[in-house]
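Taken one at a time, structure 1 and structure 2 that follow are two forms of one protein chain, written as structure tokens.
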Structure 1
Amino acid sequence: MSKISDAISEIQSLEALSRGPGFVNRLHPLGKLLLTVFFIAVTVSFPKYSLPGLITMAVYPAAVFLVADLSFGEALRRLRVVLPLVCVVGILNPFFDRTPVLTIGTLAVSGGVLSMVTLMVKAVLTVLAGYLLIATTPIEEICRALRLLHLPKVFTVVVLLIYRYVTVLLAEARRITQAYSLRAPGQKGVAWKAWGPLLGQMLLRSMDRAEGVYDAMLLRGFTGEFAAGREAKLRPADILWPVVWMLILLALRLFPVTSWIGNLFV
């Protein structure tokens, strides 16, 4: 099933990207995590008609894409998951909200159109920000940041284990479905009679695997804590990068920068 293969290759390519040697990759994960959440919060905090201000937010993803040398197309591909739902929610706005709020020449733009576009731009920006985090930060580092925020150890260990086993079990799911489809040619999914045995077998095997994993972990001296990521010294850039960006984003949110720029030319 190609969907499963896609998922596996997506995880693998992100893993490879995040372990790269770039400047953004080497920054402290806590700073990057907080900056990402801050960026998303500021972005979605724009009111529904503030399209011009919202567009200035693009300065952060644009800059990081350049600095981290990431592929923009790859990131946009991720929008396919989010956009459908956002579209369903926003697409009717133009029909419900018809008050003209903006006139460009003779063209009147209604509030609904404006709020719909604002919503789409928010979706694009927030998805890009998420991509920039995961494409420059390995999951172990993100868990290290979560530990620094005092999230319980049980939780981060479970996240790391899920991540470790996702590719293994995805590969297993691919083998199972491939075998099934070879025995049931021309069938789109799994027939209802096979629902239980097919998934159930996979589940029992996974449970046995978990036992094996646990035994192996014990033999290797597992005490409930993973060696967390690279322990590097805090460098000035680790602090400066998030702080400077937060100040820039805050300034863009609080001041009407776009109208200032516009006034320069009009």
Structure 2
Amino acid sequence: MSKISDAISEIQSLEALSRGPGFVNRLHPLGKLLLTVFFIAVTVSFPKYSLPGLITMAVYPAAVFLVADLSFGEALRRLRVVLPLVCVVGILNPFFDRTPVLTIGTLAVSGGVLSMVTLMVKAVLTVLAGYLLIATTPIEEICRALRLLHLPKVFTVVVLLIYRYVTVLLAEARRITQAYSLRAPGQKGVAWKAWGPLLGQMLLRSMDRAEGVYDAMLLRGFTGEFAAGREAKLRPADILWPVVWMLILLALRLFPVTSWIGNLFV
């Protein structure tokens, strides 16, 4: 039950963080969404052996962490489950590509090891970019940006409802597990024989709650689309922030910046 409560608390704290008064939070959601997609596309476009150039892409998440006053340690704590999973994508590369491609002192680094590290760095950077978007932009604003890109209305409504009411489902799960623990004192976890009835009860309670939520939405004038997000006019910062960063990221991708920096110290 404590894990469910922690999950609910994490979602609520992340939602509160996205509604903060910071500079990045006040930017137009469309620019932040396009910049995030552009950053991910440029990051994954690096070849499998281009680790030095890929590391320079970390300048964008580092800058957002500083400008938005976000905690990097808190981000790693919240992504502690996702990051290990995405980092194991290329864990078998060292076994298939054993050709030495780099020498560090007397140590020869194979192409498999280098490509594995490159894939891990790509995974970490892309996950951090998605986290920064969610941590600085409320879900209503993200869905509004998706609608401005003419994505299907059904898709944006489903995304918004899933994110908004996942806490309702978690709260139902917390009530059921709490009731079970009160009826089975001293027992650790839920017995496997009780999983079927408990899941059935959760399904029925979720369906009842969904009907109540939908009736409330209809009474409040829901017609199939949310009028979510604040309709604010574009400011110069809303355009300059994504455009300047796109140019910086494009320059880091096209030019050997790391080689130029290395030549300055040689």
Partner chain sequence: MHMADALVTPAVAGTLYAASALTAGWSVRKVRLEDNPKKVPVMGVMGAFVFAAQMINFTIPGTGSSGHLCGGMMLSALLGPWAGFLTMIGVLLIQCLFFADGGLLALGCNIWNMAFYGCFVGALAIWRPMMKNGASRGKILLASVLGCVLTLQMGAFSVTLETLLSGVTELPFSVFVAAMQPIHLAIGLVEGLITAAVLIFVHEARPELLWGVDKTAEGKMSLGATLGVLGGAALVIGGGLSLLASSLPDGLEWAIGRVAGTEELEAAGSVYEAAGHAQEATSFLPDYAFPGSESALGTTVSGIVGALIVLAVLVAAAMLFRFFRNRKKATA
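Keep in mind the model is a prediction, meaning the values are calculated, not measured. By convention here, residues take numbers in order along the sequence of structure 1, the first being 1. Under this definition, the rigid core comprises the largest set of C-alpha atoms superposing within 1.5 Å between the forms.
Shown second, as structure 2, is the form predicted on its own. Relative to the superposed core, R26 undergoes a C-alpha shift smaller than 2 Å between structure 1 and structure 2. After superposing the rigid core, the C-alpha of K48 moves by less than 2 Å between structure 1 and structure 2. Core-aligned CA deviation for F72 between structure 1 and structure 2: less than 2 Å. Here the two forms are laid over each other by their core, and the C-alpha of A210 is off by 2.8 Å between structure 1 and structure 2.
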